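Just one chain follows, in the form predicted on its own, and it is written as structure tokens.
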């Protein structure tokens, strides 16, 4: 990219099972306030502050149309540019980056928020399916994921034990993350003994209900260098939709992720992600997805995700640590998940990840996903230089 864009500040709330003590605006401001204080920026029109806001929320989850109205007071939206992205938080970061690259704005605040606890997840997810045929049979993201997991396991010989190892790894990593909702020491047997939700997905194979928010500030190169002495540069970005109807794609593969990753790698000049990516924060709503997404991201060949988790490569001390933060399986809301992955990548690049910090991180990947069976994928590559 001729003009460079950097993330200059990030903040997250701690993720909880239920934040009924606050409204959506109060929850979002817990993160927004931190980035404002760190940078000293204000919502002003003289070119010295934040030029625009991009928010990420979902009308169905928030229980009203135009759900970003609720956070206008705290996100600098009144009489100023503000646009909402109703996808995963990575797409809000992607969109803010495009606003800057287009020359429309120099500094953009991005915020995502969600309170999953205030509604019934299966009802919300059911609305994402075709209203004539698929909604009537009760499909939601869980049952669709169960279909994908079964197809993936059948085609490539992936085992329930290999999926369980993802849960064990990520919940263990979360013990070093003060933002994580559900850190826990588990064994493979613990996961396999947890209640069945939709075969083969068990309770511990799925991310928990979660409330929380994330905020960050993006800036063009000139201002980024003034706002931070450790900017994290967005080196590559890619996004791709897959087919709407599940039957129109082979659920054991993830073509949209492969294409999104290729876009991001080409932009970032990444030739071999297995060697050039130091860590990845991958959005795994269900344990099998981390294995499948590793294949789509090019970290291993198709069908080799199970072997990769068995090898230990993705552990904290391995060659390519995945989800050192604990990932979504340790508790993050839908709209916030991928944006929190970006925030975690930034913290690692800045050397500010605390007990979960990895050594010598120069290139990190953040991944977000929306829709049933990974329909919409987004990949961001970030670096120090």
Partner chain sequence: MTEKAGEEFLVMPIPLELPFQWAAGSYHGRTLREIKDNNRFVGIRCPQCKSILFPAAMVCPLCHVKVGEDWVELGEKGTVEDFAIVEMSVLDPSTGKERVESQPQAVIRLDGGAVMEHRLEEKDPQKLRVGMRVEAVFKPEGEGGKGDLTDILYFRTIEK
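Given the structure is predicted, the values throughout are model-derived calculations rather than measurements. Residue numbers count along the first chain shown, from 1.
The form predicted in complex with the partner chain exists for this protein as well; it is not shown, and the discussion that follows is about that form.
Q: Pick from 144-152, 71-79, 86-94, 105-113: which stretch has non-hydrogen atoms within 4.5 Å of the partner chain in the predicted complex?
A: Heavy-atom contact with the partner occurs in 71-79.
Q: Taking 4.5 Å between heavy atoms as the contact cutoff, choose which of 122, 118, 255, 159 touches the partner chain in the predicted complex.
A: For this set of options, the contacting one is 118.
Q: So in the predicted complex, does any heavy atom of residue 98 sit within 4.5 Å of the partner chain?
A: Answer no; every heavy atom of residue 98 is more than 4.5 Å from the partner chain in the predicted complex.
Q: Consider residue 137 of the chain shown here, and say whether it contacts the partner chain in the predicted complex, taking contact as heavy atoms within 4.5 Å.
A: Outside the cut-off, so no.
Q: Counting only non-hydrogen atoms and a 4.5 angstroms cut-off, does residue 271 reach the partner chain in the predicted complex?
A: Residue 271: no, not in contact with the partner chain in the predicted complex.
Q: Please tell me whether any heavy atom belonging to residue 38 falls inside 4.5 Å of a heavy atom of the partner chain, as the geometry stands in the predicted complex.
A: Residue 38: no, not in contact with the partner chain in the predicted complex.
Q: Out of 44-76, which residues reach within 4.5 Å of the partner chain in the predicted complex, heavy atoms considered?
A: Going through 44-76 in order - heavy atoms within 4.5 Å of the partner chain in the predicted complex - the hits are 60, 61, 62, 63, 73, 74, 76.
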